[in-house]
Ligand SMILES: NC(=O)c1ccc[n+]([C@@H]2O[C@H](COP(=O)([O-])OP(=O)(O)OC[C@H]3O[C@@H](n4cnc5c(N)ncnc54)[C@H](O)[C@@H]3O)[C@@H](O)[C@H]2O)c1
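First comes one chain, alone, set out as structure tokens in the form predicted alone.
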């Protein structure tokens, strides 16, 4: 018997829990001509075995190299070539088994194949479970700028199974935590209570079914109200304007940051001074401070000029107001950015 979804938006059911109780029954209720599973070098080994016995259809797999640096047109071409090789028609299904890179890129490839085939998201990281898999954003990076090419396309369904969190390194688990805490800051202050005074080593002991449900509820509420990012959905980018620039900058160095590490810095920098100390005190036990050198500022500014929230050449930040689900949008200059980053580097919270 198919279990009722925990959430639904734009006719996309979102399930939280054991895949055997969610994905398996859901698939049995569908009728697809073919199934293709997209994995990367990590999820093919660690996550595919949990999925494959639940598929009621014969299936093929596509395996790509893991990593944000491969989220580009070249990898899309490889995926489309495999779709062509397996003769995927418009009644086929693509299952994206992986983190944000797999979900974003697989969704984009599915949405553009024969003008769109169904895809489902089976996120395997905390980051993708709580954020990337929800909301219908698909896309790839282009010439070093994150998520520049893409489309809005809702998946046929989303299945978030906390069991996959056991496959993550401590660093990757903490990376996803940045998005969970972001949802606490913008929409559910009670969500933050679970992480107050928590030692980072205790993250794996938390009730993730419950916490995922709380976090996803924030994302679903926002994207339901504003599916195409015309207003409130900009709030989901809290920390991401500066964070994406930092992530892109460090991606080209010998010490790349995870998405969550960069977004944590972004949230601290983008928060106005009256609330900055509180935000930093919540984040810094999980995301130790890094040094951002002055010579990086011009490059970071050029990266921020490409941010999708910009309007008429103005670099804009969306930050939460006093109450949940409200925001203010600020325009900043290159000098403002330098001062924010220097404040972050030099502050003692």
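What you see is a predicted model, and the numbers here were worked out from it, not measured in a lab. Positions refer to the first chain, counted from 1.
Although not depicted, the form predicted together with this ligand is the subject of the following passage.
Residue contact with this ligand in the predicted complex: residue 146 places a heavy atom within 4.5 Å of it.
Interface residue remark: residue 99 is counted as part of the site for this ligand in the predicted complex, having a heavy atom within 4.5 Å. For the chain shown alone, residue 307 is not a contact residue for this ligand in the predicted complex, no non-hydrogen atom being within 4.5 angstroms. A residue is said to contact a partner when one of its heavy atoms sits within 4.5 Å of a partner heavy atom; residue 167 meets this definition for this ligand in the predicted complex. Three-residue candidate spot 47, 104 and 219; every residue lies within 4.5 angstroms of this ligand in the predicted complex by at least one non-hydrogen atom.
Residue heavy atoms within 4.5 Å of this ligand in the predicted complex occur in exactly one stretch of 287 to 295, 313 to 321, 64 to 72, 30 to 38, and that stretch is 64 to 72. This chain lacks the partner; the member of 118, 172, 188, 226 within 4.5 angstroms of this ligand in the predicted complex by a non-hydrogen atom is 172.
Checked against this ligand in the predicted complex, the residues 95, 265, 127, 245 give one hit for a heavy atom within 4.5 Å, which is 127. Contact annotation for 29 to 43: residues with any non-hydrogen atom within 4.5 angstroms of this ligand in the predicted complex are 40, 42, 43, listed in sequence order.
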